[in-house]
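Just the one chain here, laid out as structure tokens, in the form predicted alone.
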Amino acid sequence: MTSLTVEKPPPAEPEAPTRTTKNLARRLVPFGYLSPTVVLIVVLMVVPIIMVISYSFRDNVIVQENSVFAGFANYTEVLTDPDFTAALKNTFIFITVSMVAHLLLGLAFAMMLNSGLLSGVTKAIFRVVYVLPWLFTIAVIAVIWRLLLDPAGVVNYVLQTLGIVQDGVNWLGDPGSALWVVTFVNIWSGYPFFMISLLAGLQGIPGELYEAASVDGANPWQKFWNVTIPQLRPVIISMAVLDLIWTSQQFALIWMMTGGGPLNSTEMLSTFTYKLAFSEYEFATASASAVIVLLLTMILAFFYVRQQRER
């Protein structure tokens, strides 16, 4: 009797990945590398912004367990607050004057350092001196200028010695001068960044353009207006938009020098929002104010991004 043996079928070979699967895996690789950054952006930026926007439409947030939906009531309260109007006006003056002064001072110093009138040693010394304000932290700058501007400080001593003023002036305690003084200090601390950026732009202008202008009989002013400014326009526009954004967010300098006073004369949108949250514990209205500041800043950011794309 013969025995029948049944041969087992060979094990199935693993199916080779199709071309579609390979293409999909290849496309997902970049997203895998980006995933840690995306997670950090979501956790550190997107989630807090969404929480602040949510708080701005509710009342009794944080301080009470059960908050209630308030609609646009917080926005109405903020926009009709006279202190907010004063803060908006002060912020507009502060950032406009600062930006214009940063640009003019930075361009003047950059052109001086780029000219052939100064020797190499003199240029090196001037560069160190001009950059010094940029090296100090905001806290150090605030403390130094508070001491200098004290009624019994160095500034008043010099002015009294020269006969310009008779008595010591309380520069930061006078509502008529406080805003202009903090604006001056912000200009002093911020112009070196403009100077360095514009100096780099000046050094990138081809000398052939000035030689061609000289052949055409252009005087120094015509060379500046028709060669220098057009070549620096992309740098100037970028720096101006960035300075508007940075200056609108200035908080530490104002808070450490005046705290928004006296009589709200130096109140900015940043200090106004801070006081609502941490002095009056009105977190809902503070969130509404923060969202308004965010929207204003996004408008500036939109123009900056569009200008960068046009380049």
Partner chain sequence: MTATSAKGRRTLAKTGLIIGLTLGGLFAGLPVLWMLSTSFKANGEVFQNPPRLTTENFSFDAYTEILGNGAQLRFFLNSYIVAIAVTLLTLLVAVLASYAFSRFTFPFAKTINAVIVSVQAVPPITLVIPYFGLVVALGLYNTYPGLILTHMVFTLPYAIIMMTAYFNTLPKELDESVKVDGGNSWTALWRILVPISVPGLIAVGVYTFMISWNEYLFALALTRTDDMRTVPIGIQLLMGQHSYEWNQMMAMSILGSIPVLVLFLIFQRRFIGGLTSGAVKA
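This structure is a prediction, so every number in the text was calculated from the model and none was measured. Here, rigid core means the biggest group of C-alpha atoms that superpose within 1.5 Å across both forms. Residue numbers count along the first chain shown, from 1.
Only in words, not in the display: the form predicted together with its partner chain, which the text now covers.
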{"property": "Contact assignment for its partner chain in the predicted complex, among 165, 154, 73, 218, heavy atom within 4.5 Å", "result": "154"}
{"property": "The unique member of 180, 136, 92, 210 whose heavy atoms fall within 4.5 Å of its partner chain in the predicted complex", "result": "136"}
{"property": "Heavy atom distance at most 4.5 Å to its partner chain in the predicted complex, all of 97, 159 and 171", "result": "no"}
{"property": "Option from 223 to 231, 137 to 145, 201 to 209, 76 to 84 whose residues, in the predicted complex, bring a heavy atom within 4.5 Å of its partner chain", "result": "137 to 145"}
{"property": "Residue 249, heavy atom within 4.5 angstroms of its partner chain in the predicted complex", "result": "yes"}
{"property": "Partner proximity in the predicted complex: residue 273 to its partner chain, non-hydrogen atom cutoff 4.5 Å", "result": "yes"}
{"property": "Interface membership of residue 240, its partner chain in the predicted complex, 4.5 Å heavy atom rule", "result": "no"}
{"property": "Contact flag, residue 64 vs its partner chain in the predicted complex, heavy atom cut 4.5 Å", "result": "no"}
{"property": "Contacts with its partner chain in the predicted complex - residues in 87 to 112 whose heavy atoms fall within 4.5 Å", "result": "105, 109, 112"}
{"property": "Threshold 2 Å Cα movement between the shown form and the other one for residue 25, core superposed", "result": "yes"}
